[in-house]
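Only one chain is included here, represented as C-alpha cells and corresponding to the form predicted on its own.
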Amino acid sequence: MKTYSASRNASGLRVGVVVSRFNPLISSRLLDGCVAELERRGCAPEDVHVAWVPGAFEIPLAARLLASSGRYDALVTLGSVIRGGTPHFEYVCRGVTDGVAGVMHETCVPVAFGVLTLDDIDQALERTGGAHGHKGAEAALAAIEMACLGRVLQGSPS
C-alpha cells in the first residue's frame, strides 16, 4: 500500500489569510493564533499576507481573488458568525461555507476553514484559546498540511 503523508513544516510556504472584521474580538484572537502557528511551523512573517473583509459573507470573494492570483500555497479563512434571533445566521453560514468550498474546488488551492459558527460569545472564547483549543491555530495547521500534501501528490518536493 502506498501512503502519502504531509509535512507540518511551513518553511517556504506563502499563506494568504482572509479575516472578517465583524466580531473583532474573536477575529483578532483567531488571527493571532493562526499567525503564531504559521510562524511556529517555520513560515516567514513576510510570507503571511492578511486581507481584512467587512464580514464573514465577504470571505469567499477575497479568498477567490487571493487563490486566483497564483501567489499562495494555501489560504486560511477566519471569522465568526454568532446566532441571533433571525434566520440571518443560517444564510450567512451557508453562504460562507459554500463559497469557501467553491474556492478550493475551483482553484485547487487549499483553503482552511477557520470560520466559527456559534450560539454565543462564550463558545467563541472557548474556541480561541479556551477549553476547546484554538481554531485559528488549527486552521493554520490544516493549511500547512494540505499545501505540503498537494506538493507530494503532484510530485513536487515538499
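Quick caveat, the model's predicted, so the values are computed rather than measured. Residues carry their position along the shown sequence, with the first being 1.
One more form of this protein should be noted, the form predicted together with a small molecule, which is absent from this view; the next part is about it.
Only one segment in the set 126-134, 43-51, 100-108, 56-64 has residues whose heavy atoms sit within 4.5 Å of the small molecule in the predicted bound form; it is 56-64.
With a 4.5 Å cutoff on heavy atoms, Val92 counts as touching the small molecule in the predicted bound form. When contacts are judged by a 4.5 Å heavy atom cut-off, Val81 counts as touching the small molecule in the predicted bound form. Contact annotation for His88: at least one heavy atom lies within 4.5 Å of the small molecule in the predicted bound form.
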